[in-house]
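Before any questions on how it binds or moves, here is one chain, the form predicted on its own, in structure tokens.
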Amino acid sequence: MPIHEKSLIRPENLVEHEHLVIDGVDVSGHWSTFIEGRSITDYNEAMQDEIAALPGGENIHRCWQCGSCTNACTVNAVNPEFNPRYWIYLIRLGMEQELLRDKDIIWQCVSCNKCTYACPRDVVPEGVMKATAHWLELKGHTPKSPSTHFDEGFAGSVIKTGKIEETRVLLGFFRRTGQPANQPWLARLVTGLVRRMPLGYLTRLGWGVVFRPRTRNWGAARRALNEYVHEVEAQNRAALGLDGQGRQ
């Protein structure tokens, strides 16, 4: 099984001499490669505990680096730089700055759960990837990912009205991520629905978009859900040593 190895040696620290002769022996190029030394200043001994305290990261300590997660990963098959095994390795070592080198692709996990099915140690790598992406956002290393924007819009709609408002969730997602609402694929989808759906159903659908029906007697449930969300957010910030404004 491939281990999908990735090196901690940075390419910029590899030095080669194009023309080098020692005692009459030509050792130019790869023969004279050496690695520049560097001091590790990015050690965060609490990083594993911080990510383990977030939803999905609870079992990160079980990983024994077999590589099954990366070998099964849907995204890795398209982008070899997406490497859950390597990131878990960095987290457990506490090498925060090394992890941040890949901060722009960690959130790309598609939650296919192939890694979780393949993992022999029940690490739940899919959950660890989501916890890591959440950690990056909470620590201010990255802006909110598109998936986070969608999750917040979806959850906000359900909590507010007790219903799933697909149109508002989708339009809100476009607005949050700076995308135009007149997406060609969306126009084709709407056109196809209008042609195929009965007029009565389309009328009810349009009525619901305009007047936003709510689930009856939803107030108590909404307050309970909001209280729970605030409680979990506070716990997550506390686990990372952050205050209410996300500062350490």
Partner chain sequence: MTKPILIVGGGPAGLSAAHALASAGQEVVLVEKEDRLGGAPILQGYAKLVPSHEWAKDAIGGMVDRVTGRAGVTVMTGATVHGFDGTPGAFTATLKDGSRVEASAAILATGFTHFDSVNKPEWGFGTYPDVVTTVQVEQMISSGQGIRCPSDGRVPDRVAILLCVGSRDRQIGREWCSKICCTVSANIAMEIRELSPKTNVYIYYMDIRTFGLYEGEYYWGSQEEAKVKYVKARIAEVTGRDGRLLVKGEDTLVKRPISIPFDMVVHAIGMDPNVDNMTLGAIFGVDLNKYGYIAKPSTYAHLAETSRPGVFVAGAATGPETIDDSIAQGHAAAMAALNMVRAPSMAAE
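Numbering follows the first chain given and starts at 1. Just so it is clear, the structure is predicted and the values come from calculations on it, not from any experiment.
The protein also exists as the form predicted together with its partner chain; that form is not presented, and the subsequent description refers to it.
At a distance of at most 4.5 angstroms from its partner chain in the predicted bound form, none of the three residues 97, 132 and 140 contributes a non-hydrogen atom. Residue contact with its partner chain in the predicted bound form: residue 121 places a heavy atom within 4.5 Å of it. Mapping the unseen interface onto this chain, residue 65 counts among the residues with a heavy atom inside 4.5 Å of its partner chain in the predicted bound form.
When its partner chain is considered in the predicted bound form, residue 89 lies well away from it, no heavy atom lying within 4.5 Å.
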